[in-house]
Ligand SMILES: Cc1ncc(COP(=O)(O)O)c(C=O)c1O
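Just one chain is shown here, as structure tokens, and it is the form predicted on its own.
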Amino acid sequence: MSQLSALITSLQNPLLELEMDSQSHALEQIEALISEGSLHHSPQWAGHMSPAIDSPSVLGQLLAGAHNGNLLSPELYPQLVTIEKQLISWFCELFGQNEGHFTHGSSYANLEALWQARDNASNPSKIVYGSEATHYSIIKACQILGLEFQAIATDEQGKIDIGELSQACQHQAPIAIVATAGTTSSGAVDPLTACIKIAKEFNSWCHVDAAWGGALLLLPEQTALQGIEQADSVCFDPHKALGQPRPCSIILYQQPLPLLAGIDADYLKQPPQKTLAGSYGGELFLPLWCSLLKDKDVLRSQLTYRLEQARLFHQTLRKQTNWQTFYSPSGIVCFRSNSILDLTLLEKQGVLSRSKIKGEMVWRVVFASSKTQAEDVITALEPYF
């Protein structure tokens, strides 16, 4: 406790050393930041995948900041290594994968997965297939790696069209297929088993971007992610679905990663693996560890509650309006009306956001936070019914 107190004092000292006017201005800015961040705690906050932070994870952030270890030198930080291994082992079991590590976000994880796919390819293709709703980070990764992304059409719910994917593969086999478990646009989950089957048929790597929807595996009754354990790689973002601060992302693999070839990092006792992340420490996982110190059933109940609120919101829209609705199992509900709806004010307040399904604009409501209430979101929307 004395070390934590010293840390808090060290944070206060720079403010105290400022001149009075500067100190007052700094405090005003800090208060404004706190007010801005409190938007995520509103029961009407449903515009984006930015949930209220799970309280124990804040302690994890402080611990990581005070510790400041670098796991490129794991021999110096046995406590960090133990905690990291425990967490990775748990996630490997959850996702049915054999190896993994933490990284700074799923944009990094998607890039690394396609890097592995490119360098472990069993065919000379440069094509990567994914749905029209694939996250833009996949397209960026392809550009960086010299690969060519080709979008496959989606069905009416935003899932990849398996028939279109099969035809595309028959025309030109891909180096990789990216299936999305919880699209950013509508929360749709691609048919994973079918995507993986096609990838195996054409000797292609199959990566599952489960940044948003991966949390569904915490629920024993879920079926949406069936088959994910057969993927070559999977990524998941606890900072989206489990209320964790950034950065916190996990990339998991079926096969062990090789060591980096042709690199002599002579200052390290252990040669680095072929991963995108370089220096990193507890900031990637200590907040999550603190959240998981409590019963994991608490996380499951929070997830169950969010999904129940999404179902309630969807059911209420269908009863009280004639709007076309799009419901996903991952906690996102989209809708549109035949008449023009100007919901700009609610958009600015973070109640909802805009998205697209099959190229047409829809309004999107994201139940990312356990503090978001369907009733409160409906109350904000009722004047537009």
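This is a predicted model, so every value here is computed, not measured. Residue indices: 1-based, along the sequence shown.
Beyond what is shown, the protein has a form predicted together with this ligand; the following relates to that form.
Scanning 74, 105, 96, 227 against this ligand in the predicted complex with a 4.5 Å heavy atom cut-off leaves one residue, 105. Exactly one listed residue, out of 254, 125, 137, 157, brings a non-hydrogen atom to within 4.5 Å of this ligand in the predicted complex: 137. The shortest heavy atom separation between residue 116 and this ligand in the predicted complex exceeds 4.5 Å. Not displayed here, this ligand is approached by residue 182 to within 4.5 Å at the level of heavy atoms in the predicted complex. Though the partner is left out of this view, residue 314 does not reach within 4.5 Å of this ligand in the predicted complex, counting heavy atoms only. The shortest heavy atom separation between residue 176 and this ligand in the predicted complex exceeds 4.5 Å. Residues with any non-hydrogen atom within 4.5 angstroms of this ligand in the predicted complex fall in just one of 285-293, 158-166, 145-153, 237-245: 237-245. With contact defined as any non-hydrogen atom lying within 4.5 angstroms of this ligand in the predicted complex, 49 is the only contacting residue in 32-50.
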